[in-house]
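Listed next as structure tokens is one chain, alone, in the form predicted alone.
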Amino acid sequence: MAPEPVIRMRGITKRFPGVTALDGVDFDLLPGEIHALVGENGSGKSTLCKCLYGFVQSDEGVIEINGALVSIDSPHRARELGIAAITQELTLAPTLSVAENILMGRLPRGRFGIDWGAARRQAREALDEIGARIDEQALVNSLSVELQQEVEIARAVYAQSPVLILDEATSSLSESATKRLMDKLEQLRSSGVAVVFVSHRLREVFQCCSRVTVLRDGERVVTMDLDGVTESQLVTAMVGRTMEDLYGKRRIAKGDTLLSVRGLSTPDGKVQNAGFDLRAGEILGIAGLVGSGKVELGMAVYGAVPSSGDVTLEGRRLKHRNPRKGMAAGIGYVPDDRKRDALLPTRSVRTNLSLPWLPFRKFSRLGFLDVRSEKVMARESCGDFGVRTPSTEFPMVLLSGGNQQKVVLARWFALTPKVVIFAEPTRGIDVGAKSEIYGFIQDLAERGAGIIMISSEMPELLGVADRILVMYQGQLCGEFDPETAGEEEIAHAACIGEMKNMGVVA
């Protein structure tokens, strides 16, 4: 006899202006199970999780916990009911320490106020529980996105709640950190904890989950056991069509050397004496673990961080590099944290699209903004990139993660850049949107642009890149051909820095 659900959601409906995010969705969660919630961006997964955790309240429907009808009107109420959550967007206080964030709301107290010694010990225990090597006294804003995500996970796991919601908790994690989390989830499941697991990485879904619920356009398509289900069948249920080739690998003719980097270093040592060449029409992948310097390498080439060394574009050395001069030279940059570094969330889709256009007076007449032309270009870009939005005046914060990322990509395509650096371009993006984004990147390469693609997802690099460079402790330590190299070989170089090519990688 099947156990009674610890969570039962019935007829959950949620409407936002111009959008029905959820339409009569039913969802059950059994004790001691890891239940996957999958679907394309905009399918309603995060909204359903937010209804369960009290971030938003449903317009219709009911929620039961252990058979009792409950009202969850805030995250505080959800925690009282035994629900912990890791949300898609980071919710840490950036100017507070790791320990303060992990123990927020439950800092231990002594005779004279907060017992900071006990707080540090408890935070250390929480981090050790998930195997995270993070200084509990460090300020959160000094950490990388991945390490911040691990702090979020430590906080949720340490709460020891009977229900745990993981909404894209692995999207910012490396392979090693993801494996540690998978091992921890298995321990929690064995102890009776019920887990809602939201992920676009289907390999993880099959690895740790026993059941799956598929949402599409705000409606529940199916709930089924994963035993015997293939990845192709699951993808078809998610997107409503068969996907023959996720990566759409194309043979794109390579031109002459477009970008040359020699002796590139940053003052903090995160990039050390890096050198490589990029040809027109080439997609160059950059792999590496967290802290390897791969993201900083892209930022240094673009001019977003101070650096020494030479960056030459089309034979012309770029001097006094900064983002404005990088854009003026024809270099675009898509950062790894779109919420923090790429978006104005409360402003419109149109405003966010035109951000990099304005310095070049693309829509100005006599010093004034030509709003009509800006609106036309915004509508065309949304159409070309399949951005799902009621209008270009819709606030960015109300779009799904996939549609937000499409806006970030679309703004650069309109400028016809010579080189575009993509840092984690498909982080938190569903399989259907990923395929579209890979197609957009390949379109740009076919137009003669050089692409630098920095990613933590090895299958992505192997499926899209023409070459893969590996970074280890700030240095480029290897070059691989995706046609002949495998994940294990590249991961080995990323983990121990085995040198395949010394000095400049050409």
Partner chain sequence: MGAPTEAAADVQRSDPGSRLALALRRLSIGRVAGALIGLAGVALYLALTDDLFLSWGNIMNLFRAQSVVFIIAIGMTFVILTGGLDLSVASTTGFAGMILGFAIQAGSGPVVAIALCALAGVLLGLLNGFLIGYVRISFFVVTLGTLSIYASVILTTTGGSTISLFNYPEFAGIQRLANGDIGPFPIILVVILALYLLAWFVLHRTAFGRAVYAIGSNAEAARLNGLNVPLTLMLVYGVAGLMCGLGGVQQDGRLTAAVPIVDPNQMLVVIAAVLIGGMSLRGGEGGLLGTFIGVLFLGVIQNGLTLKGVSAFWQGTVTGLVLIIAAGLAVLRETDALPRLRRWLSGRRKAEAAETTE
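Computed from a predicted structure; not experimentally measured. Positions refer to the first chain, counted from 1.
Note that the form predicted together with the partner chain isn't included here; everything after this is about it.
Stretch-level contact analysis of 227 to 235, 137 to 145, 410 to 418, 118 to 126 against the partner chain in the predicted complex, using heavy atoms and a 4.5 Å limit, identifies 410 to 418. Across the proposed site, 323, 351 and 374 without exception bring a heavy atom within 4.5 Å of the partner chain in the predicted complex. Here is the short version: of 221, 159, 304, 104, the single residue with a heavy atom within 4.5 Å of the partner chain in the predicted complex is 304. Only one of 345, 330, 82, 309 lies close to the partner chain in the predicted complex, with a heavy atom inside 4.5 Å, and it is 345. In the predicted complex, residue 355 approaches the partner chain with a heavy atom inside 4.5 Å. Proximity of residue 442 to the partner chain in the predicted complex: non-hydrogen atoms within 4.5 Å are absent; the residue sits far from the partner. By the criterion of a heavy atom within 4.5 Å, residue 266 is excluded from the residues contacting the partner chain in the predicted complex. Although the partner is absent here, residue 216 is not a contact residue: none of its heavy atoms lies within 4.5 angstroms of the partner chain in the predicted complex. Within 4.5 angstroms of the partner chain in the predicted complex, the stretch 374 to 408 places a non-hydrogen atom from each of 374, 375, 379, 382, 383, 384, 386, 387, 388, 389, 390, 391, 392, 393, 395, taken in sequence order.
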